[in-house]
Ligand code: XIL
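Just the one chain here, laid out as structure tokens, in the form predicted on its own.
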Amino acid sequence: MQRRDFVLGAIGTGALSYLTPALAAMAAGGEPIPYGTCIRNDPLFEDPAYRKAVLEYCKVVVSEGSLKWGDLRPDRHTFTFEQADRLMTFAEEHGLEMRGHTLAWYGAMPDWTNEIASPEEARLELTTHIRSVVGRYKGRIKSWDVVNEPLSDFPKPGDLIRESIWQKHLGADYIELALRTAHEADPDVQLVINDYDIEQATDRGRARRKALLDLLRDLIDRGVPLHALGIQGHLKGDIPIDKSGLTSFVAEVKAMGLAILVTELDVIDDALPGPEAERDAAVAACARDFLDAIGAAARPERVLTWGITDQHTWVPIWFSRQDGLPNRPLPLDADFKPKPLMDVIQEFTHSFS
């Protein structure tokens, strides 16, 4: 029996008005939410098992690195599009959607950008970069993480925007500049602000939610082009999800007319128990709380994990386990076998169909 049929049989169609948006969508029927992952080019083109997993599970791909400044801009006058073009061609050949990540960020910046010395120079470099990159993929990449992680780590009055070369010279105005420039380069592209750690049941999580709502509302009120919020979802497995707080946050974002995307989901498991079955269950439960809290207020347009297999993940770089066991933050294990996290993702994405 389809979950939709079960819901209809259990509650009757007359009760749809009393359902949460996620359950109402499930009962009414519709297409599943497209699932995808970030891609590393080397394994994609060198490891048949990795490539097979991407094609088997994914409808959407995003480059882990090749569209970031550090990969694209070895020097002030050069763009190196080869790796991004290769992934774009792969996506198109296999009927996959490709998202763009990212146009303005504090991280992964080439050393030469430290030579930027004035607001005028910063404005020129940022706008030239965005026009060149968005323009190259106009009509092909239809959704861009225009501004990535704009919030301070723990936002406080007078310290809301994270330090970066752009913030240094342009202040918070760089966010508006990036969005307007991307819109000019491709008026049809979806413009996304992307950030993390807004789901936590902590003072920091609440501060980040408030700061992000204030930022989004200010941009919308001033007519700055913006279409969606990307909620990254780099979840800390040992920190509870603020389910009611996250649902309320998403409802407020939706009320602004913005779409919601889950852009970088994984569960950081360095503080979770060692045994694989126990840890995998905890990872899946954490992700379920996160996704269900979002789905209670809005249907995300996309759900992407930041990697598909534990064999290729950023997590051990920053969050290796003290017991020496390998991290298990992603939907497939290092041998490409599905884990409970994949079950949660598939159940969630298909609960709207």
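Residue numbers run from 1 along the displayed sequence. Just so we're clear, the structure is a prediction, and the values are computed from it rather than from any experiment.
Beyond the structure shown, there is the form predicted in complex with this ligand, which is absent from this document and is the topic of what follows.
Although the partner is absent here, residue 264 sits close enough that one of its heavy atoms falls within 4.5 Å of this ligand in the model of the complex.
Mapping the unseen interface onto this chain, residue 234 counts among the residues with a heavy atom inside 4.5 Å of this ligand in the model of the complex. Residue contact check for residue 306: one or more of its heavy atoms lie within 4.5 Å of this ligand in the model of the complex. Proximity of residue 302 to this ligand in the model of the complex: non-hydrogen atoms within 4.5 Å are absent; the residue sits far from the partner. Contact with this ligand in the model of the complex, defined as any heavy atom within 4.5 Å, is confined among 146-154, 272-280, 118-126, 80-88 to 146-154.
For the marked spot (99, 142 and 227), a heavy atom within 4.5 Å of this ligand in the model of the complex is absent from each of the three residues.
Contacts of stretch 35-72 with this ligand in the model of the complex, defined by any heavy atom lying within 4.5 Å, are made by 40, 64, 68, listed in sequence order.
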